[in-house]
Structures are given as C-alpha cells and as structure tokens.
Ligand code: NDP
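Next comes just one chain, in structure tokens: the form predicted alone.
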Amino acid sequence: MRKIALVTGGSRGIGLAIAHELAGNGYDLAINGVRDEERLGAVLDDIRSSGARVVYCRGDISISADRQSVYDMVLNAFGRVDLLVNNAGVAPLERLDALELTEESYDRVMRINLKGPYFLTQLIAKQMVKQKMADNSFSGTIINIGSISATVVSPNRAEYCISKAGYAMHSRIWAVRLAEYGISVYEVRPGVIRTDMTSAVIEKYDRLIAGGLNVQPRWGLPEDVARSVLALASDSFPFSAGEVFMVDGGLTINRL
C-alpha cells in the first residue's frame, strides 16, 4: 500500500523536488500551495507520471481557515497521513537592514514561516495520534524544512533568521511531544540552494561559493534536499528523534 504524504509549498523549488522524490518512491501526494490549480496542470501531471495519485490542496497555511481546508481536503482524498513535510516558507519581500526592518515584514514572515507550520502540524499530529490509537503498527513522520539561517546571521533579513530559529524549536517541541506515539520528527536544514528564492542573489553567492563559502564548491540543488527527506521518511533513523540534518555542502563547518 502506498503511503500518503502532505508536502506544503510543494509546487515549486525544494517542495516540488521533494514531491517528485516521494512520488517515485511509493508515496501518493497531497501538494499544498497558494497558486490556482489551473496554473499547475503540467507540474501536477509530471508528478503523476511516476504512478502516484496526486491531489492539489490550495491554501495559505498562515490562515486558520485555509489550514483547516487543506487538512479536510487531505483527509477526504486519502483518509490518512503518513508523512507531513513542512516546506512552505517565504523570504522577506525586501532585504532591509535590521535597523530598518518594518513590523509589516516581520509579521508576514513570522505568520507564514512559523505560525502556519506550527498550527498545521498540530492538526496533522492529532490525526496521526488517532491513526496510532487505531493501528499500533502505524508509524508517522514529520519533516520540517528549516534553514542554516537558524544559526547563521544575515542582518539584512533579520525576520527570516528569527523565524527559522523559532522553527528549529518548533521541530524539537514536536519531536518530544510525539515520541510516545512513535511519530518521528526531524529537521532538514538546507544551506544555499538554487531556487526562485535565491534567484535575486545568484551573482552574490556565485562569488561567495567560488571564494570557499562551502566545503563542497557548488550550489546546493533542490534534489539534494529531496534525497535527504526520502532517507528520513524511510525510517532509516529510528533512534534520532528531533535531529537536525544539514544539507549545506559543509557551509556551517567551523574552519580556520
């Protein structure tokens, strides 16, 4: 029986790569995003070409009613959730110095990057607990896609860094709370990944990578993150509750 995964932000970038990886390895998918489904026909059909059943659950997870709608769509379509991948997130609309950061930008990033994932996880976690109570063999997994910005400071996007630092604690809280039910929670922490989120700073990071920013002298790719998610979802790390898995090319290794 194919397992069921919900991937937020799964129609582009890292989330799309994760969706492809899971679809090709035994998962049917609920993909969440904010764009109209009509604009994603080719994207969704491409994922389905691997044999996966795919439903699109449109909704902004930072909004309570939308979170509930996404949850209802997943349960109506599949009746269960085996894997939640919290991937949806945003960068600031404008990179501002910490001295100039606005409350509007701060609130937007926190709402989408931290509040939304927390309360979506709460909904899905309650469902996973129910599934465990009904079937003791059930083994749920939650994987949170964080960022090296949880610990690496960028003063011109303070709100993003703070959201990812809080997100790291979000992962640990759920790892502790859900361990008694055999539900594994992990955080994957990407480094500099070539996606639409980094498209505006390609020249900057080309220079930094060429200058030795990473131990591995290349950009990270969405597929690098997707493979780590598949490994964690495969239950290959059953005694690693709450662990952070770095996918950063060695960027955060301290070096002299």
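Throughout, we count residues from 1 along the sequence that is shown. Computed from a predicted model, the values in this text were never measured in an experiment.
There is another form of the same protein, the form predicted in complex with this ligand; it is not shown, and what comes next is about it.
Trainee: Under a 4.5 Å heavy atom criterion, is Glu203 part of the interface with this ligand in the predicted complex?
Mentor: Glu203: no, not in contact with this ligand in the predicted complex.
Trainee: Quick one: is Ile145 in contact with this ligand in the predicted complex, heavy atoms, 4.5 Å cut-off?
Mentor: Yes, Ile145 sits close enough to this ligand in the predicted complex that at least one of its heavy atoms falls within 4.5 Å.
Trainee: Does Asp196 reach this ligand in the predicted complex, with heavy atoms at most 4.5 Å apart?
Mentor: Output for Asp196 is yes: heavy atoms within 4.5 Å of this ligand.
Trainee: Heavy atoms within 4.5 Å of this ligand in the predicted complex: does Ile14 have any?
Mentor: Ile14: yes, in contact with this ligand in the predicted complex.
Trainee: Only one of these stretches, 56-64, 41-49, 206-214, 226-234, has heavy atoms within 4.5 Å of this ligand in the predicted complex; which one is it?
Mentor: Comparing against this ligand in the predicted complex, the contact stretch is 56-64.
Trainee: Under a 4.5 angstroms heavy atom criterion, identify the one residue in Val129, Val176, Val90, Ala98 near this ligand in the predicted complex.
Mentor: Among Val129, Val176, Val90, Ala98, a heavy atom within 4.5 Å of this ligand in the predicted complex occurs only for Val90.
Trainee: Answer with one of Leu123, Ile183, Val81, Ile112: the residue that has a non-hydrogen atom within 4.5 Å of this ligand in the predicted complex.
Mentor: Exactly one residue meets the criterion: Ile112.
Trainee: Though the partner is not shown here, which residues of 20-56 have a heavy atom within 4.5 Å of this ligand in the predicted complex?
Mentor: Those in contact are Asn32, Gly33, Val34, Arg35, Tyr56.
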